[in-house]
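So this first bit is one chain, no partners, the form predicted on its own, shown in structure tokens.
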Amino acid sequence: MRIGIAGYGNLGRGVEAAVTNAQDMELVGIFTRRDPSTVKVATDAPVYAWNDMAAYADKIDVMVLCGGSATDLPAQTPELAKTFCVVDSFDTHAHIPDHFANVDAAAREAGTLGVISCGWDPGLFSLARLYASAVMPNGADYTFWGRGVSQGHSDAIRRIPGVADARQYTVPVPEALAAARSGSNPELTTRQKHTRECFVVAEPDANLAAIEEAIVTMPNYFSDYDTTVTFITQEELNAKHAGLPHGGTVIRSGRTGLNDEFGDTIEFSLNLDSNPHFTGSVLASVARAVYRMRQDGQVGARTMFDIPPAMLSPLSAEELRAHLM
């Protein structure tokens, strides 16, 4: 399967590693909006200019998009779906229906296939919520993220004028996590479940008050949470916040039995050393599924809900039944 990577930041490096390690995939090239001669990659993959991408339409089976959800993917995914089968990690939950519709329209017109919002949330956590609610309809879902660095939220902060660099940590509230695990099905607001910690490097002479106000009032990202903003130096950010760990938990608690006499809890959790490398691995597995689904004649937009699980795996159906069933 011939794979291309569009964008080469942290997530692009994660996809690069996952595709390189997959025996059924070939990394055709990495496309960047920077000067390709200035981009140093971790492998021997060639680097091409973004504007030259269309010339590789017949050489790439699936293009994996590694831009940010705030401003990149809403425009890039439907645009590139006019030429390539695509996979993205769009993670602004409130805007997924609109993003899906835009990609679906572009892909259907072009006869391509695009799977959006892949990763671990949305993505694997979405599947965990689906499976849990399907087998235990009488219950309640709880999703907790962190403590970890959110790439999308950090990117959103870096887009604010006057910000040179930033890291954003999502932090579960311990009391809320314990209440969800208790089986009592508490009603928890968004603000009660998580706090957000932002560490920001400002450009010289930037208006710190304006930056903080822009962060804490940002809809879909920070406005619904108790958010703290701490301004630090680039040296401190590099020393204390260079890593990109993350993780989280999906919990569903509810009742089963003829008269709801049994209390049950389902929990799915992740603990990640590198958020972008894990997310890149999810994107690579979805690229495999996109390749196979397109061979079956599918076009338009899809999500991970629409992918048969076996299509994600490099193993054959016989191997899956023998080793994983």
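Because the structure is predicted, anything quoted here is derived from the model rather than measured. Residues carry their position along the shown sequence, with the first being 1.
This protein has a second form, the form predicted together with a further copy of the same chain, left out of what is shown; the following refers to that one.
Think of it this way: in the predicted bound form, a further copy of the same chain has a heavy atom of just one of Pro122, Gly139, Pro74, Gly148 within 4.5 Å, and the residue is Pro122. Checking 215 to 223, 106 to 114, 123 to 131, 159 to 167 against a further copy of the same chain in the predicted bound form, the stretch whose residues place heavy atoms within 4.5 Å of it is 123 to 131. Using a 4.5 Å cut-off to a further copy of the same chain in the predicted bound form, each of Thr20, His93 and Ser274 places a heavy atom inside that distance. At a distance threshold of 4.5 angstroms between non-hydrogen atoms, Val135 is in contact with a further copy of the same chain in the predicted bound form. Though the partner is left out of this view, Pro174 does not reach within 4.5 Å of a further copy of the same chain in the predicted bound form, counting heavy atoms only. The closest non-hydrogen atom of Gly257 lies within 4.5 Å of a further copy of the same chain in the predicted bound form. a further copy of the same chain in the predicted bound form comes within 4.5 Å of a heavy atom belonging to Gly263. Applying a 4.5 Å heavy atom cutoff to a further copy of the same chain in the predicted bound form picks out Pro308, Pro309, Ala310, Leu312, Ser313, Leu320, Arg321, Ala322, Leu324, Met325 from 308 to 325, in order along the sequence.
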